[in-house]
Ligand code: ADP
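As structure tokens, one chain now follows by itself in the form predicted alone.
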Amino acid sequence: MADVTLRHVYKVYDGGVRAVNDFDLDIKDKEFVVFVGPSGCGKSTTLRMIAGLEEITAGQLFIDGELMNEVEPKNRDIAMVFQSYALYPHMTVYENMAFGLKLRHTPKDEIDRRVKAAAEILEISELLSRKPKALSGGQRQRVALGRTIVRNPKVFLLDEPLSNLDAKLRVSMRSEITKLHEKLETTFIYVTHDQTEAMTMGNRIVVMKDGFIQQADTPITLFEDPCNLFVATFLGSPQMNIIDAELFMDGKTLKAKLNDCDDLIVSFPDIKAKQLADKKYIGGKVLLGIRPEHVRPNAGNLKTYVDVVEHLGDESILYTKMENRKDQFIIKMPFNSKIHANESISVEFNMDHVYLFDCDTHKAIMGIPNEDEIPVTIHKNMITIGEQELTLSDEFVSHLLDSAFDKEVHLAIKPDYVTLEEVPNSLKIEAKLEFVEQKTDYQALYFSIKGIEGYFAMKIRNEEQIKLGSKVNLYLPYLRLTVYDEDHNKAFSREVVHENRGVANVVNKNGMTIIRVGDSTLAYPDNGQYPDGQYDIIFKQDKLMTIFSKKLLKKGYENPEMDEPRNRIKVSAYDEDVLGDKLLTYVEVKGFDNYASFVVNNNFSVYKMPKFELFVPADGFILEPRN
């Protein structure tokens, strides 16, 4: 077995630069997973953390269920192939492949057996006596692969191994690595910025941007059901056309007006209209996406003007202009010599393959979502979901922030993790199946929950069957649930959230109430509420504000406006969670038995500034007499 599990992994470099944020992924044994994204998105950094070449700032890495955070790279039973071949020029191919085994004091006959077996797999047996300078680029890359194969590792890590090869060799080596994965039957994790490599090689693709996972799914599902605008436009060549649109109802038919033009109207099929995430979008602006291959020329009534025609042998690419649109509208079609530049044509959209995105969040708002989000109310350990009142597990509640309680928030889970079969440690909700959409890789099931508008979606295998109108129980594993507050900041912590409670000594003097907490002193006008003595002080989680030094202010940090800037506590931070626009800091406060958790503005990193101060407003704490 060679499962690889990353749980809420972060990488923050000196200076507070966040390279990887909340990376959470399960990689199954024998799976071929590809990390893809633009330069600087964190894909190679993540691979190096798995290898042990980069230290994990926060989170956990497991290989075969064993925690690897502190395990040396040589003891992780992984092998890595780098972008550069890194072959020893003075050694033969045989010696290069055998070198790692010699360092591990492997018997000579075993080394010989492994090297020759690997060479046979890679079809380089006749090259064993040559030195690297006598090899082509493709042959050198095979040797680099062979050097890892001989070790029989649990996991292969490949960091852009084909980037130094020419286009023809890249194509042939892609298929060679895919066949190698099938022969070895072990786990491959592959990094590339090339979407073609990702789409043709991976069983599953992880699309990254700015250190965050955007979407992780099969190549077909990513192409058919992108979760947001970035994924939609990153995959596919030419990329998806994105058009400004306004949704409206014409009788019972959902329609969209394109580019604010009354003569550019498209109608949605009923099955697509049902998949609109929220009726609030009707009458509002959205972004409509259509891939170039899903536009049919010389059909329909949408007018475009052809600017440029590219004939590429078996296909033609048309670059056209559409009314009120600055960007080119691209059409991809089988070769057609009858369409020329500088002429007007009519086109028709395949409306079964149209996508809608929110103008602000850029999330997909039609079809199966990246995350199901349902409005709920949580009070203590009870959750109200529509007309259902359910009990939450104590473990789940212990990770909720104060912003999750006693107001409408959103419970969220990816559709992949919802099951129809009972699983341990899960929340059970009742739902009714309303409609089904057949996808290439799976069936998308859309449920209604009594008392809640919109739908709740999940995925099942194509061979499974469930009848429309069926009332079922859906099981939501607590491990996969999260909560978003009213501002759509995460209201769920990966650490247990303790009450911010400590010991305070109160003295009233000269019309002021002086509160001493550890090595910090607070002072407020005496209102006679707290006589001299010792109290428990409970700091509110989201009321305190960060204070920065003059040096940091010069670097662009902003201090909050405050009446009493002297009222501050000193803290020493050891970790953080990015919640969105907010940052959850885990800090030590003198006088507190447990670490405290404070939600502050996400304009700095505790890794850059582990010691700082928090301003405490008069309504930022509660004092309780000690028992």
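For every residue, the number given is its place in the sequence shown, counted from 1. Quick caveat: nothing in here was measured; it's all calculated off a predicted structure.
Below, we turn to the form predicted together with the named molecule, even though it does not appear here.
Undergrad: Only one of Thr57, Ser597, Asn567, Ser44 has a non-hydrogen atom within 4.5 angstroms of the named molecule in the predicted complex; which is it?
TA: The option sitting close enough to the partner is Ser44.
Undergrad: Within 4.5 Å, heavy atoms only, which of Val606, Ala19, Leu614, Val9 is in contact with the named molecule in the predicted complex?
TA: Contact residue from the list: Ala19.
Undergrad: Out of the stretches listed (589 to 597, 34 to 42, 572 to 580, 66 to 74), which one is close to the named molecule in the predicted complex, meaning heavy atoms within 4.5 Å?
TA: Within 4.5 Å of the partner lies stretch 34 to 42.
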